[in-house]
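Okay, here we've got a single chain as structure tokens, the form predicted on its own, with questions on binding and movement later.
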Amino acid sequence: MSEMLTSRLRNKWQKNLPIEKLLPDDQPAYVASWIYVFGVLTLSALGMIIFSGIILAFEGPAWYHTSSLGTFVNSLHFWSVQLFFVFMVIHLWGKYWMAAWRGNRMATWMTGAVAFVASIATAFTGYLVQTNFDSQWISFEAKDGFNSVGVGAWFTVTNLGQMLLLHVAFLPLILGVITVVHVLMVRRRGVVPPIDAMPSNSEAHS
């Protein structure tokens, strides 16, 4: 009798990503370099974005525009996004110059690049749902741009409800899935060594 689906999935998971790789208790010495810090900083900023964003979504615009605590949480969300992009760009360019696609890590590199593009779309819709003069000006300027390329009929940047749904639910879900896949790939293949470093036995046979 063939194995159950859950057994096959478990065996495949244990083969490709055993617990020693998923939760390692040691790292190569070169990971102590500062360039390896920015991936974790990006994830930390993303965690703060999600935390503050959930609060803003539940409380609503009237709260974060008039309440002192709401204004603080709104500012926390905004500056977390700024730090997120700073850390992510440094991480992306750092890995580019390190040729992070070495050692069968091309898919890892590509998921990181796709996550960057998804982050831009998420941040753009975030600007559109601020419900202030800035968001109104940005949305009407963007409307002309999207209409000029023929997508304004279904991607209506002046529709607050549509942009709110994209920013709060759809795009963060896509970004979250890509981020989880990216981290799991890093765990599976390990962090990329410096170009002049000797490859480990696991990388040499990967």
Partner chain sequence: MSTAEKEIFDAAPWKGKTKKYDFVREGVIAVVVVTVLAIFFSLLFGSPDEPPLTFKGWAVSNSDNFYATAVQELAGTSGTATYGAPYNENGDGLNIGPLWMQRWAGVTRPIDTVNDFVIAPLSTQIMSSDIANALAAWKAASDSQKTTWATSYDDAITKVEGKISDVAAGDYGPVPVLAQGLTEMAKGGALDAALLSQGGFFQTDNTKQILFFGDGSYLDDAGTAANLQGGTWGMMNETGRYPGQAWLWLYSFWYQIPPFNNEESKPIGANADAYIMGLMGLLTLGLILIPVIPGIKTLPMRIPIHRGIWSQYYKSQGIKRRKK
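This structure is a prediction, so every number in the text was calculated from the model and none was measured. Numbering follows the first chain given and starts at 1.
One more form of this protein should be noted, the form predicted in complex with the partner chain, which is absent from this view; the next part is about it.
- Relative to the partner chain in the model of the complex, residues L17, I50 and V129 are all farther than 4.5 Å at every heavy atom.
- By the criterion of a heavy atom within 4.5 Å, I35 is counted among the residues contacting the partner chain in the model of the complex.
- The partner chain is not drawn, but in the model of the complex it has a heavy atom within 4.5 Å of R187.
- Contact between I55 and the partner chain in the model of the complex is not found at the 4.5 Å heavy atom cutoff.
- The closest heavy atom approach of L41 to the partner chain in the model of the complex falls within 4.5 Å.
- Along 80-117, a non-hydrogen atom within 4.5 Å of the partner chain in the model of the complex is carried by S80, V81, Q82, L83, F85, F87, L92, G94, Y96, W97, M98, A99, W101, R102, G103, N104, R105, M106, W109, M110, A113, V114, F116, V117, in order along the sequence.
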